[in-house]
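So here's one chain in two forms, each on its own in structure tokens, numbered structure 1 and structure 2.
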Structure 1
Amino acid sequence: MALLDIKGIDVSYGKSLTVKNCSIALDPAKICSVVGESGSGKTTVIRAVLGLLPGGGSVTAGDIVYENRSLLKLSKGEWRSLRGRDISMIFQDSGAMMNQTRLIGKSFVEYIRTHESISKQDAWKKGAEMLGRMRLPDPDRIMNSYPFQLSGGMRQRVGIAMGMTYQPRLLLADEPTSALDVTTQAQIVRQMMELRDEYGTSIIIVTHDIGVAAYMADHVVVMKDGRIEDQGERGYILNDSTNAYTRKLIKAVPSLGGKRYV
């Protein structure tokens, strides 16, 4: 049975229909990559899952079912208990989502105490432990740093640490590697896959990088102009799909020495 079932949703901003008839099913402990050009509706889909559509956006058709529960019918209180614990999100630049004038430790403590009745001291300790699990060196120093004092890769790992504090069943990742150098991208991708292996976390990763998608995903969804253009198991999408847009995306991946690494 699917952990998450997006059933033919439309997403609208006012009178503008942005995403049309989108259906994606995600099983437990599986990774789904949603790929496509900028503006194809990728981020809109995962924001709809988390109930965080900006600017008055809303799901105007279809349903989003998580563990046999419609997410579209949740109250604000139910959302508060679900976000962060069962479903978490990593943003494109986690550092930009943090308050630049507050220590990372204070932000982390506030995040933990939003979801758990715990002292500030114990929350600080728990935050530092999570940073250590993300293989960040000297967690206490990072807890006592401001976001702007860390590299982009370190900020992303802080974001992943926050998102994984309660070992959520579902992790939504919005272009988590796009602002990073290639070496750091590889480290973040490996760590996300380890989260799946260690905790059984299901992941939806939004990316324009078909190479990242091919490496990580069990299932690949190709979006174009707000619609699903193609989808299937990784092997099918990479090798067997005859969809013209899918083939175009794959051909756009750079080759090295005549070999294309997807």
Structure 2
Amino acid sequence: MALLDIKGIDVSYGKSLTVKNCSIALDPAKICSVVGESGSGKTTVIRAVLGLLPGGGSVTAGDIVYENRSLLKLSKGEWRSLRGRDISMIFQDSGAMMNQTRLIGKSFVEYIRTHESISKQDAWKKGAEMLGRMRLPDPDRIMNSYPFQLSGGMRQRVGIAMGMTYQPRLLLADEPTSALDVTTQAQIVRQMMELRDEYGTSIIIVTHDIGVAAYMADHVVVMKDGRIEDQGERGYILNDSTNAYTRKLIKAVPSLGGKRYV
């Protein structure tokens, strides 16, 4: 039985219909990669799952079912107990979303203490330990820094650390590694897959890196223009699909020693 079943949802911002008839089913301990056009609605879909659409956005048709209950009808209290522990999210631009005037450590401690009742000192220790696992050197320096004192990729890893603090049953990861160098990216990919292997976490990962998408995925979804344009197993998407957009996307993937423009 699927852990998450997105059933034919439409999502609109105000009057404009942005995502049309999108369906994705995800079993426990499976990884689904979502790739596709910039602006095609990838972020919109996974934010809809977590009930965090920005102002004006709403699901106007279909249903989102998590463990047999509709996520569209949850109360605020029910969301609070689900988010962070059961379902957690790594945001596309964690860096820009952080409160720029607060120490990283303060934000992290607050995040932890909304999800479990532990002392500030223990929460601080737990946060620092998570940062270390994201291969951030000197976790204590990071905890004592403001966001502007960190590099883009370091801020992104703080967001990843938060999303992975509790071994969630469902992890929604929006472009988690696009701000990271390839060796750090490899490490984070490995840790997401260990989360799946050890705790049975199901993952939806949105990424523009087709190599990462293919490496991680049991199932790949290709989006274009608010719709699911194509989907299937890795081998099908990479080699066999005859969908024109999928082919165009695969062909545009840059490779070492490949095409040159200068």
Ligand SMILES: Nc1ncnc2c1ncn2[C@@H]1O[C@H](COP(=O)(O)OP(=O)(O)OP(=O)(O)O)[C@@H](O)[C@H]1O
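Think of the rigid core as the biggest set of C-alphas that the two forms share within 1.5 Å after superposition. Residue numbering: sequential along structure 1, first residue numbered 1. If you're wondering where the values come from, they're calculated on a predicted model, not measured in any experiment.
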Same chain, two copies; the copy that is the form predicted in complex with the named molecule is structure 2
Residue 46: CA shift of at least 2 Å between the two structures after core fit?
-> no
Exercise for the section: Superpose the two forms on their rigid core, then report whether the C-alpha of residue 233 is displaced by 2 angstroms or more between the two structures. Expected result: no
Answer yes if the CA of residue 221 moves 2 Å or more between the two structures after aligning the rigid core, and no otherwise. no
After superposing on the rigid core, the Cα of residue 209 moves between the two structures by an amount in angstrom of 3.5
